[in-house]
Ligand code: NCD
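Single chain ahead, written as structure tokens, the form predicted alone.
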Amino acid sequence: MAKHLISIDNLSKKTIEDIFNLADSFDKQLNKGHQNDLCKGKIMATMFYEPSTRTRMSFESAMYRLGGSVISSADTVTTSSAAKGESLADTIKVLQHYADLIVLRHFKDGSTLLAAENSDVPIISGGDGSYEHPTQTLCDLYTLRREKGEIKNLQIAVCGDLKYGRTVHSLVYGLAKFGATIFSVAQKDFDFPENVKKRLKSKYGVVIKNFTKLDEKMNSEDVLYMTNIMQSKKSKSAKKILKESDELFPRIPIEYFDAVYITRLQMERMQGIKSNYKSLMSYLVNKELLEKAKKDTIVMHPLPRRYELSYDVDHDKRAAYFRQAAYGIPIRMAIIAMFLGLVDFDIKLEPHQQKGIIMNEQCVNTNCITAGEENVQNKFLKSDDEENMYRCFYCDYEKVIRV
């Protein structure tokens, strides 16, 4: 049975560390100019229903660097039979005969899980609606490991569009898995959706406090929250916070963060919002703000950027986002080799979803794959903590169902 990468939670912490170690090995080979034919005779298909630069090209580059071949559909919506109305399930059922591995990006939440149900070859998510982007998170975690030494106990500010940004959804699960402390920074209505918050709390016991911007004025409750965080992590800054805890901080102290991770507004997912982009988000990170940060605080961004990250940060050594993009090659080489079963170590994947209960109910998420795909039986999973609450098998959105 094929193993698929749909969510970052498909991978145990041990498996992620194995991927990192393999990526280190591939990176050394690349730096020495060594050729690799590990995937000679293998074919990878990339099916992208949405635009992509880094994800698609880094996957294709990774496969070529492993000696394999690529068949690609860069604009699947218009250049494949999807333009004629072919369902995703039917496309995958055919494509699995043409390739040994499929990398899929789709605009509907839960699309890669549906694809996995219809494929006998591995499905790797290259971005799944507003749901998750697990391979980007592997790049992000690898960047933190390379830049900061280890991930545990790092204090990370995750900023920008946290509601629609699939990258940060996978990221916070990965950070929680490795024991980092997470702060969310998002404007009103762009904080993490409830299904992400619930999953963080139920699986990892993590509750994230949201601020609306970096350097925001803090009240006494915020000060107490940050004091407790620093105490629990035994931070060197805890004494300073405790000493000042009876005063109001003028801002979220950026100097306490080891990394600032920023994302753009996902305008393509904001149905009905006609406001100017700049009116929704001004610079969150610029040279002036970064001057207040620690000398070793790194700035990360999955790219592309718009107005949330100033170009005047690019020449600062703490700007890690282009290195972050470069790490996508060895990481995705490791992912390809692992899911094709071409490397000699155990692959222990955590189960992504248990079997769902088929119900004659509609998902409340209008962007769920069940709302756009014909002949998909709606399935739900019973919530553990609330009576009559069920979550969609494909996209995790919750709904009250009385049975």
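Bear in mind that the values here come from a model prediction, so they are computed numbers and not experimental data. Heads up: residue numbers just count along the shown sequence, starting at 1.
Just so you know, the form predicted together with ligand NCD exists too; it's not on screen, but the next bit is about it.
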Listed range touching ligand NCD, judged in the predicted complex by heavy atoms within 4.5 Å, from 178-186, 112-120, 96-104, 301-309: 301-309
I'd like to know if H169 sits close to ligand NCD in the predicted complex, meaning any non-hydrogen atom pair within 4.5 angstroms. no
With the cut-off set at 4.5 Å between non-hydrogen atoms, does R264 touch ligand NCD in the predicted complex? yes
Ligand NCD contact at Q136 in the predicted complex, heavy atom, 4.5 Å: yes
Would you classify T55 as touching ligand NCD in the predicted complex, given a 4.5 Å non-hydrogen atom cut-off? yes
